[in-house]
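The data below hold one chain only, encoded as structure tokens and taken in the form predicted on its own.
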Amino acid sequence: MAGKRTFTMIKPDAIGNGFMGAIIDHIIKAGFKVVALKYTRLTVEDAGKFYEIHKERPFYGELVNYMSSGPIVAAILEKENAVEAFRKTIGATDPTKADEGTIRKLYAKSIAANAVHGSDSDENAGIEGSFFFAKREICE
């Protein structure tokens, strides 16, 4: 059964390009309820832990450096079938292949600088949300 929550991060490129407000607005207009929101910055160590699943991949070091290069916005979102619905809202990882009107089509510059992260499963949404938020920070 699909869950009601997912996790997202607005990445440093989107923050640096001034798209934070527009992306949050896009998310809300797509019918998601924001139940936790945090403007923060990952250390290299934190980014390494968050992306540990990719540790053996050739892009891991570059990803960790990029994600710790500037502020991010972390959020837990709520909606029916949240993970699948959000992945449709953000579009393909490659913004040139993303559907019109998706967040990545509108705000991403490249595969690497693709504006937002979106959880790929209900299980990962829970793990990723817990990485950033204590229970008391999540508004039920």
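Each residue number is its position in the shown sequence, starting from 1. All values derive from a computational prediction rather than experimental measurement.
The next section is about a form of this same protein that is not shown, the form predicted together with ligand ATP.
For the candidate set Ala85, Leu106, Leu37, Ile111, a heavy atom within 4.5 Å of ligand ATP in the predicted complex is found for exactly one residue, namely Ile111. Of the residues given (Glu100, Glu45, Glu52, Glu62), Glu62 alone sits with a heavy atom within 4.5 Å of ligand ATP in the predicted complex. The stretch in contact with ligand ATP in the predicted complex, judged by heavy atoms within 4.5 Å, is 111-119, chosen from 24-32, 72-80, 111-119, 37-45. The shortest heavy atom separation between Thr93 and ligand ATP in the predicted complex is within 4.5 Å.
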